[in-house]
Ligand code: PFF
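Form predicted on its own, single chain, as structure tokens, below.
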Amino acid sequence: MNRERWGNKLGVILAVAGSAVGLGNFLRFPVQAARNGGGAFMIPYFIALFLLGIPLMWIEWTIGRFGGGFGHGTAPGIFHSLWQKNRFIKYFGVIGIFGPIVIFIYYIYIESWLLGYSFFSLTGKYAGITDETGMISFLRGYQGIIHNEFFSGIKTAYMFFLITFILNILVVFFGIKKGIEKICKIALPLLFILAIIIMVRVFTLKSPYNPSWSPYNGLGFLWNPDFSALKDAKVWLAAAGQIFFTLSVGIGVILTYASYLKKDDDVLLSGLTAASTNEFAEVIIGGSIIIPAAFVFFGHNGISLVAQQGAFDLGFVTMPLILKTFSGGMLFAFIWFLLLFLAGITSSISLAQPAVAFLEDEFNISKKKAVGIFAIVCFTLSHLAIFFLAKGAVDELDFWGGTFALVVFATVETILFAWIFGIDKAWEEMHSGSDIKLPYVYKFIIRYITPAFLLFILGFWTYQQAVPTLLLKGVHKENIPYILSTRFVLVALFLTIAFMVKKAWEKRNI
């Protein structure tokens, strides 16, 4: 079976950038920065970017292109291509299919909220709400957690979930060139335009309460460093975690996207361009909307409390209230939720591709059948997030799929690339077809610094989060059956993928 190819270099760059540019750029980043020392957070953030994020980006682009030359578009086959003498290494690659599926089944539900809120903004459904308590009640009612005058159940949320799910599946069904590349070429420029419109409007705001509460002073709150925060290891871990989250590294998506490249396609400049696009969206635009806008209305003391709300309440509760105060506020609210929806869909379609590519490449089945299998499985599993949201299922899925699996996968692929495949061979492969030459110091960084950084994070996160999570510490007693059920499903999913890898290799007689 002939594998698909990207239409052009711009298409793959926008697709990878679209995978990276998501909700984390506009919601998670400003919250993490405000919570972790403001400007001081940016010091470990940029250190992690240059020592962890960008090297991992180059590693994944390189090994993805390399594995694609052997007909493999996912981690099991790509890992095997890097270390053919080891028959077990492909099973570590299971994480690169498992992780994206787990993230997809809850991310797409959250993404559907954005479509719903875009509609509510146009129709003025929450226009009469004037305080935070009312907006929280509106959100909880929409999620089906409570019943109120706005929603009598989860029917409305489920309708928008169905629409969002179908849109994602349609894009993936049309393939790399006609589906993913095409939608990213439209959605990414459009979301940048919408974000800049919101950002410009924010910087014309004047506080109705205090003249000193200006959006520019809000930037000062975000960027002025509290250097004492650098003594806290959690700040460094938060910065590294944000880099993982924002660049979509360690998930397996970039490997799959890069597998559709040609042998002489440039991976260094393309990877750097995609990473730079994401950083512009996050640091420049994402850092210039929520916190400056909230500062105008809440001031220095109030903004600290706002930052503690968390990304979802900030995006779905605080921002709609702020935007409603603008002239034409509901239109700006629509723009806000639409840009987030566009950011969400460019990320979610990328999460679908590894599983679809695995079925196509390793079982030699058609795109139509592969997408159909993926859709049935993920539609079924998504109901964990929909119906067990209030029981902690989304947090559980996020920990195993979006945190633990991510760091383990990144650690394995980095050691495999730099030490098993060999740094000299890796360096040569990275520069094949490249228009730029990396500073030689990156050879040292990729071989020593990046894996050491990852091993530290893995060890610290395992000590700090994995053990308490395994022991169900902090979980309400009534939620334990739901958490255990979710874990059972995750274990079953992982073992099923591992079994499929085994059967695929038996079929190949490898």
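No experiment lies behind these values; they were computed from the predicted model shown. Residue positions are given as counts along the sequence shown, with the first one as 1.
Although not depicted, the form predicted together with 4-fluoro-L-phenylalanine (PFF) is the subject of the following passage.
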property	result
4-fluoro-L-phenylalanine (PFF) in the predicted complex: contacting segment from 201 to 209, 364 to 372, 343 to 351, 121 to 129, heavy atom within 4.5 Å	343 to 351
Among the candidates Ala357, Ile180, Ile251, Ile78, the residue which, in the predicted complex, approaches 4-fluoro-L-phenylalanine (PFF) to within 4.5 Å (heavy atoms)	Ile251
Contact assignment for 4-fluoro-L-phenylalanine (PFF) in the predicted complex, among Phe160, Trp400, Phe316, Phe245, heavy atom within 4.5 Å	Phe245
Distance check, Leu23 to 4-fluoro-L-phenylalanine (PFF) in the predicted complex, heavy atom within 4.5 Å	yes
Non-hydrogen atom contact Phe332 with 4-fluoro-L-phenylalanine (PFF) in the predicted complex at 4.5 angstroms	no
Partner contact for Tyr107 in the predicted complex: 4-fluoro-L-phenylalanine (PFF), 4.5 angstroms, heavy atom	yes
Distance check, Ile322 to 4-fluoro-L-phenylalanine (PFF) in the predicted complex, heavy atom within 4.5 Å	no
Those residues of 73 to 90 which, in the predicted complex, come within 4.5 Å of 4-fluoro-L-phenylalanine (PFF) by heavy atom	none
